[in-house]
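Taken one at a time, structure 1 and structure 2 that follow are two forms of one protein chain, written as structure tokens.
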Structure 1
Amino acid sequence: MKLTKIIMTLLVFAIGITIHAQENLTGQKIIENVYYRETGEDATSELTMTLINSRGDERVREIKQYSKDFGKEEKSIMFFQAPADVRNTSFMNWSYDEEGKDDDQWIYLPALKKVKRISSDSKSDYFMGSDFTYDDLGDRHPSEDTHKLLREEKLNGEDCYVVESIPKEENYMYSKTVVWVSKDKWIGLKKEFYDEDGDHLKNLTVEKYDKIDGFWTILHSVMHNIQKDHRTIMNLKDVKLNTGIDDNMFTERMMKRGI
């Protein structure tokens, strides 16, 4: 009985610590938890990108993509497979854990037969006609914004933290973003983007996610540009984690060669 009482006391104490820690979570800590969420050593997947304009016209693009964690940096590369007008186009992104270090990005356009580096001035441009800017495709470091926990609420049955992030950088493309973060998965389930004038620009909504090899993985998301009434649907399939992708996959040579 004495041993049982000790165990129960320890369990209550541990639960109390967990509850107290969650009650004292700051906006900064929540965004850090999302940023550093474990996703596996590497990943391959097939991505279908569907672009839908205000008239309901659709353009569908098939992409093969790879990503790998190198410790202090994460590298990703995507190869467009179809349709014919974008086939063999490739895009590569290197993100860094180092504070203040911007992502490095490159795009290969087969018609020009050259790899072009994406300049900082071009990060606000939209990627391949989608509703994602080049900056959206990278990983924004938590230190680049001031984060404030606004409230806690449910979203589609999930308990979420709602966090507002305001950029420290002047003249950044967004005046602020607001994200709904799942409390138990540390996935951003919805994100609102506001333009430089403070007007609501677009929403990113995660509509499907699942646990693959022990890691929560986003499988279906929609970016909706409210001002243009344009949507980009991202649907992942055949996701494989920890397959041992070669380091040489993430090079300009591979961008030109393709897969």
Structure 2
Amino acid sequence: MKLTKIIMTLLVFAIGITIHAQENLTGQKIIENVYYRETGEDATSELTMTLINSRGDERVREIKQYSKDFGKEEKSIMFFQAPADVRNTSFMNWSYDEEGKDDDQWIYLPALKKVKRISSDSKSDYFMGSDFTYDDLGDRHPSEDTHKLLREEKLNGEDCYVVESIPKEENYMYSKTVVWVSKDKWIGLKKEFYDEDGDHLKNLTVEKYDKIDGFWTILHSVMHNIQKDHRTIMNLKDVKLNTGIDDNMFTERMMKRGI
């Protein structure tokens, strides 16, 4: 199984705080507001990803995840609970504010009984065979795209900005994305992805969110690959913020010991 990104990415994707809507915002500013929203000092949650193929067959991945902001670096650790053949596998990521500094990543495979340093995966890789890439999970910096506010409209009763983002990098896996950003929560409620040929590739829809410990949290979302008719359902539960996770949670000791 390929393991890539980390909790922090997932939670950055999932959690937002309320910032009052401002008038005359540009597309760039809207995306920055989404990217830079505060997410708390630390977070704990249980993630269930259900991968559904075109025949309706399901595969379920369950992960317990912890993350903490250490100032200039963010550390996160994942413990895989299911399926059975990956149980007790753990994955740790340290990411840095320093521009150009790559994440450090380690994996612990219980069969090998050792912690192994791995190189940061390509941000275009899919996370655990799901329909989410790392970039989809929220780690893409606003400066990597050119953003344009297309319009303002309601989505499921929510006032939203609709922003189109076109990558500056040539040959990026998407030619453009279009996101519906809630005006008062600064979370993306829907996103369309277009492939390199400009064809509609995927839709991300947020189906449930709630305010937990003062932070808006997406609890249920679905990524649908239209071209292959894959779906990935992402459910977060037992989300806890600012609980004061011990610094020692993000160590080799805990990777081996598990939870």
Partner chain sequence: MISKKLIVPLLLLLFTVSNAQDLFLSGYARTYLGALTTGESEYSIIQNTFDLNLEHSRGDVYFKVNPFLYHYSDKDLELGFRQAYMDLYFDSFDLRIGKQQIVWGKADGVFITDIVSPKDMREFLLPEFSEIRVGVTSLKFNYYLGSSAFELVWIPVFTPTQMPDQNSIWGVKPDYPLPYSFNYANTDVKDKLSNSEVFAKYSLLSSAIDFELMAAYSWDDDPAFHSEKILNAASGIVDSIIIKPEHHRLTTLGGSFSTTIGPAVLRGEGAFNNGKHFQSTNPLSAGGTEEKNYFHYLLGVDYNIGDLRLSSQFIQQAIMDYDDFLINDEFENTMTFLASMDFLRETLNVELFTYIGLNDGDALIRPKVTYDFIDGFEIMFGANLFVGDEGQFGRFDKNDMVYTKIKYSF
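From a predicted model like this one, the values you see are computed outputs, not experimental measurements. Residue positions are counted from 1 along structure 1's sequence. For clarity, a rigid core is taken as the largest C-alpha set superposing within 1.5 Å between two forms.
J.: 1 or 2: which is the form predicted together with the partner chain?
T.: Looking at both, the form predicted together with the partner chain is number 2.
J.: Inspect the rigid-core superposition and answer whether the C-alpha of Lys148 shifts by 2 angstroms or more between structure 1 and structure 2.
T.: False for Lys148: its C-alpha shift is below 2 Å.
J.: Core-aligned, does Thr251 move its Cα 2 Å or more between structure 1 and structure 2?
T.: Indeed, Thr251 is displaced by 2 Å or more.
J.: Honestly, after the rigid core fit, is Val179 moving at least 2 Å at Cα between structure 1 and structure 2?
T.: Shift at Val179: below 2 Å after core fit.
J.: What is the magnitude, in angstrom, of the C-alpha shift at Tyr96 between structure 1 and structure 2 when the rigid core serves as the superposition reference?
T.: The shift comes out to 4.8 Å.
J.: Can you give the C-alpha shift of Met78 between structure 1 and structure 2 in Å, rounded to one decimal, after superposing the rigid core?
T.: A shift of 2.3 Å.
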